[in-house]
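One chain is shown next in structure tokens, namely the form predicted alone.
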Amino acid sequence: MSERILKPGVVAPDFRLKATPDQSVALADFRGRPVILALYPADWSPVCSDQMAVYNELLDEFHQHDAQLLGISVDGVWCHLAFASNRKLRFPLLADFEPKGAAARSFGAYDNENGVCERALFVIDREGTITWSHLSPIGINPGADGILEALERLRGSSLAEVRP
């Protein structure tokens, strides 16, 4: 299953997706800081709701690593806005709505059979290269341990670059 998604060492494909009806966000907008991409099947599903709640609780910890978290699914922007408001999410949810799943496909994380994003995670470094990726079964919340470990490794490598 995990053979499909993009692996560490690959430059992350850029995308531009709607965050609100009148605002689009591109991956390139965050160049210079780490980015966490959390692709998930659907707003309102029990596993997705739990997964996004975990990340919302850890948002301050992600920010300590200067990382930007972006949630992505094929749901529309209005659905995302209602879901984020209801769940009190403090990070952007991006609509990979039209063309449906284009960003997820570019990361190898689109489920053609069900027409949704796979439950995939990516940590992207400051230069735009994937440093960690994980594909979880659709019914399993992958949690945040892998994300936090990847961010720690990134922090360690950037500190090593600064040392004489």
Partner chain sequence: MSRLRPPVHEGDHIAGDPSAPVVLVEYGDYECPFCGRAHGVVEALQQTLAERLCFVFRHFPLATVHPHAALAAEAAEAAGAQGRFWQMHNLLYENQTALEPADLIGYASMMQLDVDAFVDDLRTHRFLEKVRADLHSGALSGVNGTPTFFINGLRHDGAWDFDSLFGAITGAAAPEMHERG
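In this text the structure is predicted, and so the values were computed from the model without any measurement. Numbering follows the first chain given and starts at 1.
Only in words, not in the display: the form predicted together with its partner chain, which the text now covers.
Here the chain stands alone, but in the predicted complex its contact with its partner chain, taken as any heavy atom within 4.5 Å, falls in 49-57 among 124-132, 49-57, 27-35, 92-100. For the three residues 61, 140 and 149, a heavy atom within 4.5 Å of its partner chain turns up in the predicted complex in every case. Although the partner is absent here, residue 145 is a contact residue: one of its heavy atoms lies within 4.5 angstroms of its partner chain in the predicted complex. A decrease of at least 3 Å in the separation of the C-alpha atoms of residue 82 and residue 47 is found in the predicted complex, compared with the displayed form.
An increase of at least 3 Å in the separation of the C-alpha atoms of residue 49 and residue 79 is found in the predicted complex, compared with the displayed form.
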